[in-house]
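Shown next as structure tokens: one chain only, the form predicted alone.
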């Protein structure tokens, strides 16, 4: 257990994020609280508020970690793949697998809302843009001559469709549509859009 002065602010921040990640993974996003995080790291709730403005800010940092980890598994696919269609197939399946393996954290990225009137810090949308840039790279190869605006739109439409299939898979709703697995839907989507 930590004592005041044992750790730097940055170390406490990392400890808190690690503990929050464990709580979300084991208990789900809605069970996350500053009290549980503080107890897990051996510090007081007051110490957490010296590091984070509030629980919402901590969640944004945790979601940022999730986006970074998603980037780390997708980026190598773009670097090593010279076939844009195959690259997009691999990216899509990697995204689905990441969501399935990190269900609670993935859900938290899309469920968490800041209080009304509170703006997302600038670093957060940059992480999202970096992920879209990865998808735009093979789409540029497939759709040479199209404007950057058209490529950006294609990337967001394709991602939104894959995201929707992932959400259905994670909520066990595919069965209502007659599917046991998201794979046939994803393959059909890619066949129609690539």
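Positions refer to the first chain, counted from 1. Please read all numbers here as calculations on a predicted model, not as lab measurements.
Omitted here: the form predicted together with another copy of the chain. The next part is about that form.
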Checklist entry - Hey, in the model of the complex, does residue 132 get a heavy atom within 4.5 angstroms of another copy of the chain? => result yes
Checklist entry - Closest heavy atom of residue 50 to another copy of the chain in the model of the complex, within 4.5 Å or not? => result no
Next on the checklist: Quick check on residue 165: any heavy atom within 4.5 Å of another copy of the chain in the model of the complex?
Outcome noted: yes
Next on the checklist: So in the model of the complex, is another copy of the chain close enough to residue 113 to count as touching (4.5 Å, heavy atoms)?
Outcome noted: yes
Next on the checklist: Using a 4.5 Å heavy atom cut-off, which of 66-74, 34-42, 152-160, 51-59 contacts another copy of the chain in the model of the complex?
Outcome noted: 152-160
Next on the checklist: What I'd like checked is whether 9, 22 and 102 together line another copy of the chain in the model of the complex, meaning each has a non-hydrogen atom within 4.5 Å of it.
Outcome noted: no
